[in-house]
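Just the one chain here, laid out as structure tokens, in the form predicted on its own.
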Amino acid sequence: MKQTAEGTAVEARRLTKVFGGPGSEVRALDDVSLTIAKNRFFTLLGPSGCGKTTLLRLIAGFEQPTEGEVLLDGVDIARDPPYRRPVNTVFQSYALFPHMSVAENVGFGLEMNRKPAREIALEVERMLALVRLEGMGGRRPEQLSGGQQQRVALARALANHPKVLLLDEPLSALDLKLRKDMQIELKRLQHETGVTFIFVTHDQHEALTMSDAIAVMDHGKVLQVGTPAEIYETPVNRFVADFIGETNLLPASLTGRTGDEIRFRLDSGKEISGREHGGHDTGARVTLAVRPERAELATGPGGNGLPGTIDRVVYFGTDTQFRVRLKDCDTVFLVRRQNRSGHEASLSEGQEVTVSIPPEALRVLQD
């Protein structure tokens, strides 16, 4: 069943989707072009209303584009009905048939395609083994947990050997621990089957955990496409940096260069240095981004340091978050320190500290 990783699975060409009539138009997608490679776990990520589900529905055939093309294996399928597209969809609600057994649910699509009974039985058995539900074919959906029901929905969607599997926030109804377990299971299923997965979520951690590539969307547009590391480490603008994980944003001006270091002046008047300039010239207004785990705390003066006072200490188990109110600019700066040897209580609320920022930790963003 595993498919080749070569080539393009899905391509969107200048897709636009407008809902409503004159005077009440809503542009859900705005001239979106996107290429998704075969045998990849690809995630559409963004806040509610950004257009990610609309794009998924256009690929599935549940909506028709106002303009543009949807190509699968190089063939435009934008006007084909859903049943003629070699794609399947797993919904948030799972949409299992309550009057059917697990096996009957999994084999439903095969039966609709008039496959022989023996072939259906073998494929159902294989799919249940794939999702680790062996021996549960005779149960009803209400006899299963939420995670098991989701696996049945996945088995049913994969039984017809789709070229692309679309997943519309299928983990949102699960509790945190089960959700994390299912993230690993989904990635395993994608790897073992070789089917291209296109996953919709608003959860940044979920996207970073599972994806081979991520498209960050907002207001009907794709802002950045890249690997999880590229999206997190080198966001292209302020929205992406702020949406993907926690980040500190500091307005500044680019004041000059010394060797390979770029100097910036914050609004407080404090100067710090970085390694990149983002293509800006001296004097330009910029936004600097610093991830909380890249900054350090010291109780005395430090290089590239910003003085402040700890407002709050939050213990997360694996790490501790320090909320530092910087002097002169009344800005809260987040620092995260990993707890390598238990709860680190050496720094406390009200204590004066210096936030030290390594030059390579600074990212210069577009607005």
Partner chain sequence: MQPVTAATAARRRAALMRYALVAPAIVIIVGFMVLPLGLMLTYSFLEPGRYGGVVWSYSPEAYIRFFFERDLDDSLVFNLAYVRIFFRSFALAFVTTLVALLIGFPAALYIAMQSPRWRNFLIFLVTVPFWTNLLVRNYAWILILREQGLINEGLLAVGVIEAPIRMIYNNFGITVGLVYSFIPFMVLPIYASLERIDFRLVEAAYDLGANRWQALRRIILPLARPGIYAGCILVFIPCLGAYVTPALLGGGRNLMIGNLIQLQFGASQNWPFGAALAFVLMAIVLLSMLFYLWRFRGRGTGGLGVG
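Throughout, rigid core stands for the largest set of C-alpha atoms superposing within 1.5 Å between the two forms. Being a predicted model, the structure only gives us computed values, none of them experimental. Positions refer to the first chain, counted from 1.
This next part talks about the form predicted together with the partner chain, which is not shown.
*Is Asn88 close enough to the partner chain in the predicted bound form to count, meaning some heavy atom within 4.5 Å?*
Within the cut-off, so yes.
*Does the 4.5 Å heavy atom contact test between Tyr232 and the partner chain in the predicted bound form come out positive?*
No, no contact at 4.5 Å.
*Answer yes if any heavy atom of Phe62 is within 4.5 Å of a heavy atom of the partner chain in the predicted bound form; otherwise answer no.*
Yes - in the predicted bound form, heavy atoms of Phe62 and the partner chain come within 4.5 Å of each other.
*Verify the contact flag for Gly109: yes if a non-hydrogen atom of it lies within 4.5 Å of a non-hydrogen atom of the partner chain in the predicted bound form, no if not.*
Flag for Gly109 set to yes.
_Interface segment, criterion being heavy atoms within 4.5 Å of the partner chain in the predicted bound form, picked from 94 to 102, 196 to 204, 126 to 134, 213 to 221_ = In the other structure, the partner sits against 94 to 102.
*Which listed residue (Asn160, Thr287, Gln148, Ser268) meets the criterion of a heavy atom within 4.5 Å of the partner chain in the predicted bound form?*
Flagged contact: Asn160.
*Tell me, which of Arg27, Arg57, Arg337, Arg40 has a heavy atom within 4.5 angstroms of the partner chain in the predicted bound form?*
None of the other options qualify; the answer is Arg57.
*Residues in 164 to 191 with any heavy atom within 4.5 Å of the partner chain in the predicted bound form*: If the 4.5 Å heavy-atom criterion is applied to the partner chain in the predicted bound form, 164 to 191 yields nothing.
*asked:* Taking 2 Å as the cut-off, check whether the CA of Arg140 shifts that much or more between the shown form and the other one after a rigid core fit.
replied: Yes; Arg140 is a residue whose C-alpha shifts (by 2 Å or more) between the shown form and the other one when the cores are overlaid.
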